[in-house]
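To begin, one chain is listed below as structure tokens, in the form predicted on its own.
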């Protein structure tokens, strides 16, 4: 059995009766009307109500009365793929009033079909030869309209700043100015040049795009050109597309999952799919080595409790799949590093766009300011004290400030 947990809002419903209706309606369709012979045949397919936890305050205002309902679904009802599971537990139910899918607990047999991340936290660290400290990622910005020379210079400046990871912007698609193979060759060339200066390894996540039928071929094109990472807009293509890429032995580089389209699913209390499931558990099961999601204190804010639940789904031991790197994103600057490391610990990717490129001394100085902030927090040094020794960090904290836990 695989279980699904929902939050159902209704001002008048009998929650127990509603739960029983879901268990029957999403499995065998009807039950009481079936003859006994049919019941015996269909019983192995019948959903079961596991629990109903109602929140029913007296004189509840509209939207205050709800129940958390858990239903168990027989694995015999769906094939071993995430689309089949999602359609079974939430397909037509997602259109049935104010109901949100909070969590899924697939059975052990279902999870066995998914190898999960090829690399995960441990493998990405090994590739970079960075065994313990938080990683630093930077993002291409204003890439549309750049030619290869402009792209190369932007990449080089980020790399010289000491970042561990650089990713394409998710809206950078195949185009005449920066076609995939030439873009990868250009950026990897810049990465090697920077490494001769910094002595630091770097992973470049090239944006994997194109028709779904061409994703594998395009991934191989990027890898053959030298790409050592792939960025993938999972929710636009579907979890199954990610799962196939992750399970393909020839796609031997880490995959970073971008959260584009996530806002269509998780923010409402009354509809959609909860962020810890959407951007945490399902990304990990499908095979994301890193998963990006809005931070609790940046420019696209997710509530901290929800944010930390995404992290928990990505890293803890409740799944057989390897742990995925959490990447809280959007509006991150060096002054937030104490807060990020306090909330997320060492196994986190500090991900910055404007916080690198917006540094008054340029992107290389922006990267160095982040590394100085990370080193200061790890060593127990306050950012104010570290800023007194490092010009890049001083200028960054003067521009953006410092936020302590």
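Numbering follows the first chain given and starts at 1. Since the model is a prediction, treat every value here as computed from it, not as a measurement.
The protein also exists as the form predicted together with a further copy of the same chain; that form is not presented, and the subsequent description refers to it.
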Item to complete: Can you check 220-228, 190-198, 305-313, 72-80 and let me know which stretch has heavy atoms within 4.5 Å of a further copy of the same chain in the predicted bound form?
Response: 72-80
Worksheet item: Does any heavy atom of residue 133 come within 4.5 Å of a heavy atom of a further copy of the same chain in the predicted bound form?
Response: no
Fill in: Non-hydrogen atom contact residue 272 with a further copy of the same chain in the predicted bound form at 4.5 angstroms
yes
Worksheet item: residue 107: heavy atom within 4.5 Å of a further copy of the same chain in the predicted bound form?
Response: no
Discussion item. At 4.5 Å between heavy atoms, is residue 297 in contact with a further copy of the same chain in the predicted bound form?
Written reply: no
Practice prompt. Flag this candidate site as yes only if 27, 91 and 244 all have a heavy atom within 4.5 Å of a further copy of the same chain in the predicted bound form; otherwise mark no.
Written response: yes
Worksheet entry | Position in contact with a further copy of the same chain when the complex is considered in the predicted bound form, options 236, 102, 122, 111, heavy atoms within 4.5 Å | 236
Response to the item:
Residue within 4.5 Å of a further copy of the same chain in the predicted bound form by heavy atom, from 126, 240, 181, 153, is 240
Worksheet item: Relative to a further copy of the same chain in the predicted bound form, which residues of 246-276 have a heavy atom no more than 4.5 Å away?
Response: 259, 260, 261, 262, 263, 264, 265, 266, 267, 268, 271, 272, 273
